[in-house]
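Have a look below at one chain only, the form predicted on its own, in structure tokens format.
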């Protein structure tokens, strides 16, 4: 497709030059970058923007294994100014090692960033305790990365949404897409419970619903949905570094002092069971609380005051799919496989370029193409053990 026309009116009816299905950070960022270029863009969201994984994650922005890593690192420090609204981004990240094997893992991960021109420092126990006074005294050490960081997911979602609207983009919430209209190898519109919306191009960034919607176009996008959960504690005195990972947990200390953390095991869901309002899984919450105590034993006295669950999609190899399809040729598929939040400034820009010029000029997206799954076994979920658990009979607590 030739360069996207500026503020072009759709061929008929209500719509936009570009329709984005999905109001998470990936879809909102892509729409914002398109609107920055003067493109008429409309985001359709079946619920509330950021209601699933985008607003329900640890807020990390540190992904050195991604081809979008350099752009992620370049953009995050500028996002508050660029968007015009606060994301509460804070630079750097501490990754605690509770044992020697975990330290080796931390160093291997840091080496990948070093190869790309970034740096880190190894922290001994004494320095670690000075920076993170809540940490377990038995921790063998940590690394402090001079890259990455963390932001507030809820603030960031709102910042994207407001910035998009400031630039003329539109968002329609509580609008569920039921079908995608094809004509002569192109998408020309979508059917929703609020009517038809025409478009010249489509961005499919619908999280766990991406596979079902792609199938409406005859495209197989292999993803498995899972529910992830978070807990938040009472506020504590602020540590010098709020972004601290360890013990299989991800999260941060908020600016108010709360500890907000999550981390597996996640609950695999059947493809048709994607209700975001499902009750929070009490056994998982107990596991999170126990491991948070193991990471921060000096916070054992604080209470968990809030918890919530969100749904994420996972690809077979755990890497995102960012691809401009050949058929239909005016569709970009974006599914981020649980790393969408941190990469959103860069992935949104990449998606906008895929829409407007057919390729990304700042990162090689070849390894994120859909074609890598061409020979995937039909029963890949079963082979990976990613199957929905049997219904539980035990009582569970509702999300707060």
Ligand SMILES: Cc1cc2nc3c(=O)[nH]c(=O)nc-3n(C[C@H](O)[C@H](O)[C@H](O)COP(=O)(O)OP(=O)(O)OC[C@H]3O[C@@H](n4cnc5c(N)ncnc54)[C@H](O)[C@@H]3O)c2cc1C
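Note that the structure is a prediction, hence the values are computed from the model and not measured. Numbering follows the first chain given and starts at 1.
A second form of this protein, the form predicted in complex with the named molecule, is not displayed here; the remarks below concern that form.
Annotated contacts: 15, 38 and 356 are all free of the named molecule in the model of the complex [non-hydrogen atom within 4.5 angstroms]. This chain is displayed alone, yet in the model of the complex one of 322, 312, 201, 142 has a heavy atom within 4.5 Å of the named molecule; that residue is 312. The closest non-hydrogen atom of residue 176 lies within 4.5 Å of the named molecule in the model of the complex. When the named molecule is considered in the model of the complex, residue 32 lies well away from it, no heavy atom lying within 4.5 Å. Among residues of the shown chain, residue 56 is one whose heavy atoms approach the named molecule to within 4.5 Å in the model of the complex. Among residues of the shown chain, residue 370 is not one whose heavy atoms approach the named molecule to within 4.5 Å in the model of the complex. Of the candidate stretches 209-217, 101-109, 83-91, 295-303, only 209-217 has residues whose heavy atoms lie within 4.5 Å of the named molecule in the model of the complex.
Along 226-248, residues 228, 230 each place a heavy atom within 4.5 Å of the named molecule in the model of the complex.
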